[in-house]
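Presented as structure tokens, the chain that follows is alone, the form predicted alone.
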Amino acid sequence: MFYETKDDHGLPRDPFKACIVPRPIAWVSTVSAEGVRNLAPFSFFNGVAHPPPMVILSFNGKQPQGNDKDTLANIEQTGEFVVNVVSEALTDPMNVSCAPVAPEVDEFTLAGLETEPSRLIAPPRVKASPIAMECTLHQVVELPVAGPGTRNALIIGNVVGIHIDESVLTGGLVDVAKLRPLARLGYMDYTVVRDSFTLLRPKE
């Protein structure tokens, strides 16, 4: 089949996200200007540069109360955020943390998660997360929107510090079989990366 994205695709659900898989999940912790902690997962996320190490996050639409998503508002106000990696063991608390709750609700408490302080920035990290990246805001890029009353913003962040739990290292390398990161597929589907293979680049 083929369809122009400006037209109806004719399928039961929009297939776009299912065509870009798997997508890593950024479990983003922030703190508001008033000091309220926030934690939320995002799958429009990836690394985009190295060196220096940089990441992107994308925020679409509005919260039910009509404001920007709490994570986006906090990053714009404070310029800081932590990307926590979601391992398979953290699937349930990750899902709890994406509930559409009021800005004053602390998702760490809601999901029953312990925190650890960051070294270089104010937002805490998820203690149980095997990898956490401390980030500062580099740039906000406004993207086209699908309709009135919505916002589509791309955050570009500088990774200023990385925490890696020794339990996911083998011979000094991050071992994906130990890390078992959760990834987003299309619709409401997820997967876990449990194995990998090495493929060397061709020599000139």
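Each residue number is its position in the shown sequence, starting from 1. Keep in mind the model is a prediction, meaning the values are calculated, not measured.
Missing here is the form predicted together with a small molecule; even so, the following discussion is about that form.
With the small molecule omitted here, the record of contacts in the predicted bound form names 41-49 of 172-180, 41-49, 135-143, 159-167, defined by a heavy atom within 4.5 Å.
The listed set 99, 120, 110, 89 contains one residue whose heavy atoms approach the small molecule in the predicted bound form to within 4.5 Å, identified as 99. Within this chain, residue 32 is remote from the site of the small molecule in the predicted bound form, having no heavy atom within 4.5 Å.
Within 4.5 Å of any heavy atom of the small molecule in the predicted bound form lies no heavy atom of residue 129. Using a 4.5 angstroms threshold between heavy atoms, residue 71 counts as touching the small molecule in the predicted bound form. When the small molecule is considered in the predicted bound form, residue 83 lies well away from it, no heavy atom lying within 4.5 Å.
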